[in-house]
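Below, in structure tokens: the form predicted on its own, a single chain.
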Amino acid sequence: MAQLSVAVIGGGIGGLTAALHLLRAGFDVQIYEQSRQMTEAGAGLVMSPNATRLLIKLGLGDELAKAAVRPAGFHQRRWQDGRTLAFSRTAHEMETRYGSPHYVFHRGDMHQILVQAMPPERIHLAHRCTGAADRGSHVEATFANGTAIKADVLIGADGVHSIIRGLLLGAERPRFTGCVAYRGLIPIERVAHLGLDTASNNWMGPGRHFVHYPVSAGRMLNFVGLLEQDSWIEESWNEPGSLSDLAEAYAGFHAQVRGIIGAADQTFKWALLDRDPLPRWSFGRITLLGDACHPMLPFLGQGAAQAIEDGATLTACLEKHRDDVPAALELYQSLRMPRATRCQTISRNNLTRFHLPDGPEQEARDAKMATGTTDWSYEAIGWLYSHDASVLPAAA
């Protein structure tokens, strides 16, 4: 049987991991990235066991361990006094329970590990896709630089502003959630006086919360201030942010939060964008992956992890149905859509739950968190972290 050719549109974390899975399975895969260099914006990135087990299977375990931090736990805290609402240990307990570690990364470090693992001749930069069409026996795609290609399969892994999604489903702007994120990185020695632990800390307050954890093998502190805002009128979905505005927004928070903001040199302000779950992802020989089909708010730590899962399951489906690409892509969609939609829904709900105003609802939330059955407690999260997306269920 002839080797199937696969074109991946987008060279982010989802596109790269999909390509690596496909390459390992013997497919002829090429990545087409619109940027002129392989870089990734952003700061912190959570890699839970359901994602790390797939990356380790790709042979990346040693490189991941060098760049990552194993957070001591998930620490849910009250905004003004730092009181612990819930604490789940993760450093070793996660690996013992789920067979793979829980890591946090600088997004750029993670992205470069994947880039280095991909043969460079298979990455095509400055290729902005302008058209894609299923011709029945193959897919054709065109690019702004005049290039035209043919492939047996085309994967749109081109993010929340996906060109491929627009070509398949029509133009549609993502929805602004009413929440913005101020993201930043600080050399860890600059906050040594604050006595921070190595857990992933989430400080919950009225209309806003604040997250921080170490990245880059412990050399940097990643922080994110997430607060509600009525509108987003800027052209860019991210832009330089004002540290004075950020400090004012968290003026009433605990001294550790204020100290982190005071130690920062710069911050970038991001709009949190969202889309409703799609009725379908796959169209003949074309399908979508990651944020192109299930953009996720960062309140479950699953945006990148679910994109990585997509690539593993898609590869397994194409291996099963090498002689029937549309059937493989339909199977991929049927297996992935319920799980990704569930993560989308929980992430959306956490935006409300993390930002409750002080009062009866907040007190009920805090009491429930104290029982250890919410958020990332082991009892609640097993369905997510124990999953191996590279193995198809027997019924498939």
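These numbers were taken from a predicted model, which means no experiment stands behind them. Counting begins at 1, following the sequence as shown.
What follows is about the form predicted in complex with a small molecule, which we do not show.
Visitor: Go through 298-306, 68-76, 318-326, 200-208 and give me the stretch that gets within 4.5 Å of the small molecule in the predicted complex, heavy atoms only.
Guide: Stretch with heavy atoms near the partner: 298-306.
Visitor: Just one of Ala340, Val46, Leu55, Val29 has a heavy atom within 4.5 Å of the small molecule in the predicted complex. Which one?
Guide: When the small molecule is considered in the predicted complex, the option within 4.5 Å is Val46.
Visitor: Quick check on this chain: which one of Ala181, Leu85, Ile186, Leu196 has a heavy atom within 4.5 Å of the small molecule in the predicted complex?
Guide: Comparing distances to the small molecule in the predicted complex, the residue within 4.5 Å is Ala181.
Visitor: Indicate whether the small molecule has at least one heavy atom within 4.5 Å of a heavy atom of Arg275 in the predicted complex.
Guide: Taking the distances in the predicted complex, the answer for Arg275 is no, it never comes within 4.5 Å of the small molecule.
Visitor: Looking at the partner-bound form in the predicted complex, is Ile9 within 4.5 Å of the small molecule by any heavy atom?
Guide: Answer yes; at least one heavy atom of Ile9 falls within 4.5 Å of the small molecule in the predicted complex.
Visitor: Can you tell me if Ser35 lies within 4.5 angstroms of the small molecule in the predicted complex, counting non-hydrogen atoms only?
Guide: Contact check for Ser35: yes, within 4.5 Å of the small molecule in the predicted complex.
Visitor: Check whether Cys129 has any heavy atom within 4.5 Å of a heavy atom of the small molecule in the predicted complex, and answer yes or no.
Guide: Yes.
Visitor: Is every one of Arg24, Leu64 and Leu314 within 4.5 Å of the small molecule in the predicted complex, counting heavy atoms?
Guide: No.
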